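One chain comes next, on its own, written out as structure tokens in the form predicted alone.
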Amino acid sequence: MSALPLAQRIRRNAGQIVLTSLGALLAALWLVPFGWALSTSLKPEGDTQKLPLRWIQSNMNLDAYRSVLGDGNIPKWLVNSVIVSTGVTLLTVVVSALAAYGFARTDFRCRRVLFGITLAGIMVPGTVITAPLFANVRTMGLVDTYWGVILPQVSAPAMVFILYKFFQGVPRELEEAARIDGAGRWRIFGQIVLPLSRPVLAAVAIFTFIASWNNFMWPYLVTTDPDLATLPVGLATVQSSFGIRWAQLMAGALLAALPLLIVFVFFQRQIVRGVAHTGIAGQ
């Protein structure tokens, strides 16, 4: 065996060791606040701020979780979050896919102008349009309704752009062959383009679900009925009624994040695959 391949293997192994160590370090940095939140949620309230700070102590218990689950309306808020996030996700996928396909594969007057206006929505902070959006929702009589929470979140220019880049990468020969066989525009879209787009559609759906689940400001503004509160809004009201109690605050935060962790664990492969397909289409 020559010295050159051995040197190349050493450099390659050294590079893998460095990358693996860097990945482990970044993972540890991400897990530290999560672990600290878990540790704090299990401590008695009087010990959460006691010095020196300790990760594990003998008197840990589940009192904070019992308090949050017993004093709040967690099951109702959880159902509300599932309804809102699922509705936002389904409508966003449908609307974004139709808009992106129209911009990517059809020719109509003012297409570039309309696409530019759509992309401009990415650069406008959400807080800027909150007041006029709330005024419109109130005028339509949608305050304190599921539709009032769901519909304003359906507009997602970033998702339109992601799908637009993917649809641009779909070979036109497939559409032309289907058109020769007599397929119309809707049939091509439903039977050819959408099945090819499953990975990126899954990624868009997961990103939208996570964003909607974590959205606190809009559901807080548009709902005054406690029975319509989503999980983040409901947990915030419970915390406000207790004041700043760190153990319950951390317990509530972990309970709110638990469904998202489950989604990520089961669908992480679809997320990676969707992002990879989108990157290929954008080249």
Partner chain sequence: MTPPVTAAAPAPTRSRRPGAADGGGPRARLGRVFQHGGWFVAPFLLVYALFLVWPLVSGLWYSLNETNLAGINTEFIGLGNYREAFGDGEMWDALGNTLRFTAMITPLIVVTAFGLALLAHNIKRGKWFWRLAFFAPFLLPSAVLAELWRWLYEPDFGLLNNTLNHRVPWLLEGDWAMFSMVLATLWWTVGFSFLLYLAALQSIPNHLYEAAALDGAGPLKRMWHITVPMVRTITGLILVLQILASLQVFDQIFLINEGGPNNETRPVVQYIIQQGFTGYRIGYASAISYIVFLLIVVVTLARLWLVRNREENIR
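Residue numbers count along the first chain shown, from 1. Here the rigid core means the biggest group of C-alpha atoms that line up within 1.5 Å when the two forms are laid on top of each other. Predicted model, so just to flag it, every value in this text is computed and none were measured.
Below, we refer to the form predicted in complex with the partner chain, which is not included among the displayed structures.
Shown without its partner, this chain lists S155, N73, T145, T86 as candidates; in the predicted bound form, only S155 has a non-hydrogen atom within 4.5 angstroms of the partner chain. Of the heavy atoms in T139, some are within 4.5 Å of the partner chain in the predicted bound form. Taking the partner from the other structure, the partner chain in the predicted bound form has no heavy atom within 4.5 Å of any heavy atom of M60. In the predicted bound form, the partner chain sits within 4.5 Å of a heavy atom of G102. Among heavy atoms of A64, none comes within 4.5 Å of the partner chain in the predicted bound form. Residues of 97-114 that come within 4.5 Å of the partner chain in the predicted bound form, judged by any heavy atom, are L98, A99, Y101, G102, F103, R105, T106, D107, F108, R109, C110, R111, R112, L114 in sequence order.
The rigid-core alignment places the CA of Q49 2 Å or more apart between the shown form and the other one. In a rigid-core overlay of the protein, W36 has its C-alpha displaced by at least 2 Å between the shown form and the other one. Relative to the superposed core, A229 undergoes a Cα shift smaller than 2 Å between the shown form and the other one.
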